[in-house]
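Let's start with one chain on its own, the form predicted alone, as structure tokens.
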Amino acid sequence: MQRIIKLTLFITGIFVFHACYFDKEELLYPSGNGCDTTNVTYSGTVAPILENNCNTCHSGTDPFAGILTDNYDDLKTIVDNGRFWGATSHDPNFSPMPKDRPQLSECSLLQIDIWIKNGALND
């Protein structure tokens, strides 16, 4: 009888201790989400986003809606008047951009927002 009790306790202990483990948060949720927001600049961060998502329509001699995004000076004008953030963030008061395409990624929007809030500098 004692042997059965010991065996039962042993087996129960194996299941209890095997079922209990502690995940390390840093392994399950590595820092960041792959979005680099440490050194957001126009030339290194924002310009490539625009090249991949905006400049196809908003560059050249006949840009869509007369809006140029392929150079800093023209972009700064629409940043300063709020049209750029309104369009890219899909604010309902603006025409959502990119037109007929999904909204920019959360990471790209975050990077653009950081750049604007830091003064939208030409760096």
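Keep in mind that this is a model prediction, so the values were computed, not measured. The first residue of the shown sequence is 1; numbering continues from there.
What comes next is about the form predicted in complex with a small molecule, which is not displayed.
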* Touches the small molecule in the model of the complex: Ser95 (any heavy atom, 4.5 Å) -> yes
* in the model of the complex, does Ala87 have a heavy atom within 4.5 Å of the small molecule? -> yes
* **Contact flag, Ser59 vs the small molecule in the model of the complex, heavy atom cut 4.5 Å** => no
* Please check if Val40 has a heavy atom lying within 4.5 Å of any heavy atom of the small molecule in the model of the complex. => no
* Looking at the small molecule in the model of the complex, is some heavy atom of each of Lys76, Leu110 and Leu121 within 4.5 Å of it? -> no
